[in-house]
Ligand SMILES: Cc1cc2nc3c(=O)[nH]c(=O)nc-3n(C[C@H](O)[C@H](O)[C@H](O)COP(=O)(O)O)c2cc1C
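There is one chain below, alone, in C-alpha cells, taken in the form predicted alone.
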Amino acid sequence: MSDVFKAVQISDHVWWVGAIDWTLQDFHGYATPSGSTYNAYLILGGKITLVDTVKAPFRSEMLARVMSVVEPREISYIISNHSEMDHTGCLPEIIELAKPEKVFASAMGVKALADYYHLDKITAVKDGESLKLGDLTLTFTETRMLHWPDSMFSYLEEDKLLFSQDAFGMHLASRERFADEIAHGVLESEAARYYANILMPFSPRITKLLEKVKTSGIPFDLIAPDHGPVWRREQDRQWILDRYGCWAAKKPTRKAVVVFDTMWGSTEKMALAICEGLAAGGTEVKYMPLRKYSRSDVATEVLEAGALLVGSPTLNDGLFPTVADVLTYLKGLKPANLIGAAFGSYGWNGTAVEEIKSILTVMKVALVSDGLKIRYLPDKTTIQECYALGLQTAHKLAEVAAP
C-alpha cells in the first residue's frame, strides 16, 4: 500500500502524513457518525521531525505516507503533543522503526507515555521552550487540560504554523485536507459537535488560552489540529477562533432544548405542550425525544442553548434509563449559564422528576419551577400547565439571554 497512500504538503516545510478513519462511529461515548482523521505531520528541516502519530490500527497508512516523502530512519525527532492513544497508539513501534535521536513531550506527557507504554527515554520540554530543527525553530506552549494534563501546542516559526493537537479540530473523515475545501455548513456542525462533546468542560481554560494567544502577538498562517482539516485561510482561522471564544463564554441564548423519553406517551404529550409554550414566548425550540437522538446530539444542541428542560416517566422508582444516561453525560460536560425545569408522568411514584431536579441543581441549572408531575395521562388542564411552563421558561429566558 506504500504506493497508494501519499503525503500532502500543507506548507513550505510541512507534510500531512496522517490517516483517515472512515468507519469510526463512537469515540469514548461520543457519537462520531462522520468518522475522523488522525493527523500526523512531517517537518522537513535540517532535523526531520514527526509531529504526533496515529491510532494503532492505522500505523501502516501513516508509514506509507511518510515513506512517500522520506525513509522512516531519516526522522531525527518525534514530538508528542498529546498522549491519548489516537495520537500515540503506534508511537512505540515508530520509535523502534525510525530510531530517532530524541522524542519530546511536555513534562506531563513524559509521565503519561511512561505509564502507557513504559517509554523511559522521552525528553520533557517546558512551556515557552524552543527546539532547533537545523534551520527551523519549533516552540512549545503547555495547554494543560485542553483536554488532557499533557496537552501542548507546537509552533513552527518559519511557516507560521500552529500544531494545535486536539484544539480547533473535528471528527470528520474526508479526503480534503483544508477547511476551505469543505462546505461551511459541515464545518459548523462538526466543529460544534466536537467542542460540545470534548472541550465544553474546559471552557474557562479555553477563554484564558485564547486571550494568551491574542496578547502574544505570535502570527500564524495555518492551524493544524490532530483531527479534521487544516485551517489555512485567514477568514476560516478567524471563524474557528471566534466560535471557540463564543462557545467558551457560554452566554445564554433564546434557545431551549427539550429532552425526554416516554413509556406510554404521557411524557411525550407533556413535552409537546411545553414546546408550544416555549415557541409562543418567542423561544427557538429543539425537541429531542431520546428514541431518536443520542447523548452527543443533546450535548451539541445544549452548547448554544439558554434553557434545558428534561422529562422522564418514573420507572422502578427512578429515572427512565435513557434520561439517566443523558443527564450523567451532560453533568460531566459542565454546560454553564442555563435555566431549566423538570417534568414527567408517573403511576404511583413520581420520583423521576425529583431526581431530574437534583441533577439539574448539581449542574447549576437555575430552575424556573418546582417541577411538573402528571399522574398517568395528561388531561386538558394538565396540558395547559405544561404549556404554561413552556411560556414561563420563555419569558425568563428573554430576561437572561444575550441580546
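Sequential numbering from 1, following the sequence displayed. Computed from a predicted model, the values in this text were never measured in an experiment.
Just so it is clear, the following notes concern the form predicted together with this ligand, a form of the same protein that is not shown.
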item: Among the candidates Leu97, Ala280, Met85, Met263, the residue which, in the predicted complex, approaches this ligand to within 4.5 Å (heavy atoms); value: Met263
item: Of Gly371, Pro335, Gly45, Gly350, the one that lies within 4.5 Å of this ligand in the predicted complex (heavy atoms); value: Gly350
item: Partner proximity in the predicted complex: Thr53 to this ligand, non-hydrogen atom cutoff 4.5 Å; value: no
item: Asn316: touches this ligand in the predicted complex, heavy atom cutoff 4.5 angstroms; value: yes
item: Contact label in the predicted complex: Thr267 to this ligand, heavy atom within 4.5 Å; value: yes
item: 4.5 Å heavy atom contact, Phe58 and this ligand in the predicted complex; value: no
item: One stretch from 31-39, 359-367, 62-70, 342-350 that, in the predicted complex, holds residues within 4.5 Å of this ligand by heavy atom; value: 342-350
